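Just the one chain here, the form predicted on its own, laid out as structure tokens.
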Amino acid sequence: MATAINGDRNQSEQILALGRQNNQQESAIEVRNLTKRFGAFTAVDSVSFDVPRGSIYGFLGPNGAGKTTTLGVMLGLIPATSGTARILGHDIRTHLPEALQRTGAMVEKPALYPYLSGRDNLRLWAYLAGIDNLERVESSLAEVDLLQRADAKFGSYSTGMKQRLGIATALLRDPDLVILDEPTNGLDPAGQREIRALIRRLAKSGRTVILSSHLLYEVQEICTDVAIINNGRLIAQGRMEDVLHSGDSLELRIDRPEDAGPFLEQLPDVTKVELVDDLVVVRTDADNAGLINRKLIEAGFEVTELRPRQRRLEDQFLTLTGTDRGTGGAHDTA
């Protein structure tokens, strides 16, 4: 289970060890003790984490947390003060070109020309990136579902189409790793849904996707794994279900929930029972699920669903970071 840990410089390594218990597969990215200082200010403080291959990895942090700085160091845009990262097996300190050869990124909105068509914009990006195979332009357009509008001028595109073409620039090298910074920013619900579907397709094709987003419900819906950084330090990481798992509550869907409440309160190790919408939430250790289910059935209740209760990502994020609800979410500028 992912855990928030307060302490010294070993904090990130402790969290990393917990994350490894949940995921033993090969990593697309390995970050070790990454630190970045700007003068006396430490933007990233000895951060360590792994990004599993094939995952959709949410990277979250409140304003000034150090998230964007971490991504910038990983991409070679910002020099690290100490520590390192390995991308697809390559150390960025010694083999950055090899690390980036199979990496595509959309950080901020790419500079695209409104008077050129979508296809010509991609051809220009391919030329600047040294990509001679123009079939990659057509393949990238197909992946973002823009072939039919490829010859229309970029300036005539909707906001969602512009964002999809931006993602296409990150796909020109047919990368194994795709890093997307706020890909649904400014989109209406339909446009957000299109981008989420595209990200799922990218992961289904075998790619690893890192998603930075301030829309916490979006991250919870789409990401398989998540990391949360605050004040330059990693405070939680792991599989999404583990990060959200409360560990001390069960939720049940049951007939006669009003009658079930008093019955459950009498069971050993149950400290609280409450009705939440149409669910009965029982405060107890998750290991008691079997006993509770058996006792309910013996008492004549019909249990149709019983599972560990998960927090919403928003609630968990606010708990771990101490962020007030009015601060605007997880987007950071450091």
Partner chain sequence: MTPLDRLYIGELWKMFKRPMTWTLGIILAAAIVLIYATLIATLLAPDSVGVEVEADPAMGGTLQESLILPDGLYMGIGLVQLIVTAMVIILAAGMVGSDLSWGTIRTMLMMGAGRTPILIAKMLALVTMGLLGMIAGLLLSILGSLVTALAVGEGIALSSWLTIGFIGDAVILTARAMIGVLLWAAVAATITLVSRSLAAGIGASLALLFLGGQLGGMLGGLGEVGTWLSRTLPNAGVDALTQLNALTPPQYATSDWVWIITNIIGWLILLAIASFVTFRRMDTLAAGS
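Positions refer to the first chain, counted from 1. What you see is a predicted model; the values in this text were computed from it and never measured. Under this definition, the rigid core comprises the largest set of C-alpha atoms superposing within 1.5 Å between the forms.
Although it is not shown, the form predicted together with the partner chain is what the next lines describe.
The candidate site formed by A152, G206 and T208 is entirely out of contact with the partner chain in the model of the complex, as no residue has a non-hydrogen atom within 4.5 angstroms of it. In the model of the complex, the partner chain sits within 4.5 Å of a heavy atom of K109. Among heavy atoms of N230, none comes within 4.5 Å of the partner chain in the model of the complex. Shown alone here, R173 lies within 4.5 Å of the partner chain in the model of the complex, counting heavy atoms only. The shortest heavy atom separation between E218 and the partner chain in the model of the complex exceeds 4.5 Å. A heavy atom within 4.5 Å of the partner chain in the model of the complex is found for exactly one of I254, L187, L147, I78: I78.
Of the residues given (A105, L244, A260, M161), A105 alone sits with a heavy atom within 4.5 Å of the partner chain in the model of the complex. Per the 4.5 Å heavy atom criterion, the partner chain in the model of the complex is contacted by stretch 165-173, the sole one of 187-195, 234-242, 165-173, 80-88. Remark: with the core as the superposition reference, the CA shift of R196 between this form and the one not shown stays below 2 Å. With the core held fixed between this form and the one not shown, G206 has its Cα displaced by under 2 Å. R136 is not among the residues whose C-alpha shifts by 2 Å or more between this form and the one not shown once the rigid core is aligned; its shift stays under 2 Å.
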